[in-house]
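Let's start with one chain on its own, the form predicted alone, as structure tokens.
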């Protein structure tokens, strides 16, 4: 069995990452996924949150995916995300401000508010903040 698999993370705008990894950890619609080389082929949705990659040598890289799909094939893992960012690139202050704005809109009783959009925004910002915190835990 191979000790690494090619992992590619692609957002709607660009390829964020491509390289050999020892493991991929993400939250799919079917639950938490730990994908090692030789994993059974799989296609599932990705929930907003952190995507952890253990790269060759044991180092870990953390990304944020706002949703999308993950495809596992014998020699490759592809994450097609609506939005994907390196955790280091997330502006924590902007995420907190966006979360607070969404919470304020959610509490507003105006009839012109799209509550589904506000709820989705709130979930995405919370997932972004979880990603930042996970990165902070890793860096110690």
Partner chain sequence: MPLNRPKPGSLESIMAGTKELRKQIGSIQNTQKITSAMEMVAASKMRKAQDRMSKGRPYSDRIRSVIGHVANASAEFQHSLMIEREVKRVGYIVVTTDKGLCGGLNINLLKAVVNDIKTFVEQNIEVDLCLIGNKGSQFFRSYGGNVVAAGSHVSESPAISDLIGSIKVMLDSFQDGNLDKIYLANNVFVNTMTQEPTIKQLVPLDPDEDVELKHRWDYIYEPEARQLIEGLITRFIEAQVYQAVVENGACEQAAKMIAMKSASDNAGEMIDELQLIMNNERQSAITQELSEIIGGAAAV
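Positions refer to the first chain, counted from 1. The shown structure was predicted, so the numbers you read here are calculated from the model rather than taken from an experiment.
As for the form predicted in complex with the partner chain, it is not shown, yet the points below apply to it.
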May I ask whether 21, 26 and 56 all come within 4.5 angstroms of the partner chain in the predicted bound form, judged by heavy atoms?
no
Going by a heavy atom distance of 4.5 Å, is residue 68 a contact of the partner chain in the predicted bound form?
yes
At 4.5 Å between heavy atoms, is residue 11 in contact with the partner chain in the predicted bound form?
yes
Looking at the partner-bound form in the predicted bound form, is residue 38 within 4.5 Å of the partner chain by any heavy atom?
no
At the 4.5 Å heavy atom threshold, is residue 85 in contact with the partner chain in the predicted bound form?
no
Determine the residues of 63-83 with a heavy atom within 4.5 Å of the partner chain in the predicted bound form and present them in sequence order; the list may be empty.
68, 69, 71, 72, 73, 78, 80, 81, 82
